[in-house]
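One chain follows as structure tokens, the form predicted on its own.
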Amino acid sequence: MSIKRKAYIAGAYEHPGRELPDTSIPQIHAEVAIGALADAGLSLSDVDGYFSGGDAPGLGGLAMADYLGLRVRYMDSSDMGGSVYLSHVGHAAAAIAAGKCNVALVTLGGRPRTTKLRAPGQLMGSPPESDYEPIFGMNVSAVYAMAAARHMHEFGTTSEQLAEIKVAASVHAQYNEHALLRNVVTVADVVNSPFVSSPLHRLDCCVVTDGGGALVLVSPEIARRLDRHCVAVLGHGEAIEHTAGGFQDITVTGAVRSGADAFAEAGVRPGDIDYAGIYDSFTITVLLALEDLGFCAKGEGGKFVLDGALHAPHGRLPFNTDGGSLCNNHPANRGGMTKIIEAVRQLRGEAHPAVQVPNCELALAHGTGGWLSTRMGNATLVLGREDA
């Protein structure tokens, strides 16, 4: 069953806080939920479908539904790391299309900056790889660096090309009053910043922030009644990749499959996309996604990002116009939610005027969750500026 035009994003809200030492995680979920519902012109009592990821505390969706006082008839607490919120939009659209719910709420909240807590998934017992990988020094920055090093070896990609991605994000972040990092940086700034894990430098890495975000999806019938410009869900795809017993090609992500499925369902091609929100935990994450989503050929990502290609409003593919996770926000160590929220702003024409893409009709949002080079969940959405 296709979800194309079967559900609409009616509300979106990003928490303005980046350091929230006095706000609990349930409070953050509640604040973003109320914010997104207010944006849609709805209330908590209208919600009959709830979607949350591994960042939801306690019993996850069960605990948060209780805390929020939701009376839901459909709930999804599946998790794919930071990409899961894109996955949840697809799942919510499918649930709405099947008549399982009419108003779906998706929330994210966390406080890794002020609590120093690790990602939620790491706190849920020992995974099967725990006896084999950490003893060799594998950590989150090391596995992304491994992918970057392999891409450089195979395709001649340079640190300066990766740095162009950070530069574009910083140019956009200067206009976002809530962005954690608002200073524009140069390629030299990036490549001269200290190594975190060679070949990745400190400025190749995303920020760590408290905060959260939420989305509200509704049926076409409700969308038509709301006094709000709604955004159509046109296509969705998701795919996981893992080590494949040691035979994984670490220069390739699941975006190859999730992107192809999303484009096919939407009936559009990469060249039709006006704006792209791409998960940017590290600069290499963006470069691989650009290739695997089909915006350029495999190995050509380094050349593609040159000459201001990613800069808004007039680059070949304006991306992450809020500053992305590289500069703006990476709440709960999960950047998928904010990629959707900024895509919604672009399609509504509500992005900052300095970075608003003219006549933005089609947007893509993509998430890469988990850890690149090991176990990753990928999810892609194609969204459209289209009336219900």
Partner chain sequence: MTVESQSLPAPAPEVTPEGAPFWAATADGRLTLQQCAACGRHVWYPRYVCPHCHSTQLEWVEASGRGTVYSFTLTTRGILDYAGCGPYVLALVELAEGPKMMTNLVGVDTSTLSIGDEVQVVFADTGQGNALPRFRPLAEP
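From a predicted model like this one, the values you see are computed outputs, not experimental measurements. Positions refer to the first chain, counted from 1.
Same protein, other form: the form predicted in complex with its partner chain, not shown, and the subject of what follows.
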| property | result |
| --- | --- |
| Partner contact for R150 in the predicted bound form: its partner chain, 4.5 angstroms, heavy atom | yes |
| Contact flag, T115 vs its partner chain in the predicted bound form, heavy atom cut 4.5 Å | no |
| Proximity of E221 to its partner chain in the predicted bound form, heavy atoms at 4.5 Å | no |
| Exercise: A145 in contact with its partner chain in the predicted bound form, heavy atom 4.5 Å | yes |
| Listed range touching its partner chain, judged in the predicted bound form by heavy atoms within 4.5 Å, from 209-217, 107-115, 196-204, 256-264 | 196-204 |
| Of D272, E300, E129, D307, the one that lies within 4.5 Å of its partner chain in the predicted bound form (heavy atoms) | E129 |
| In the predicted bound form, the one of S77, S141, Q161, N102 near its partner chain [non-hydrogen atom within 4.5 angstroms] | S141 |
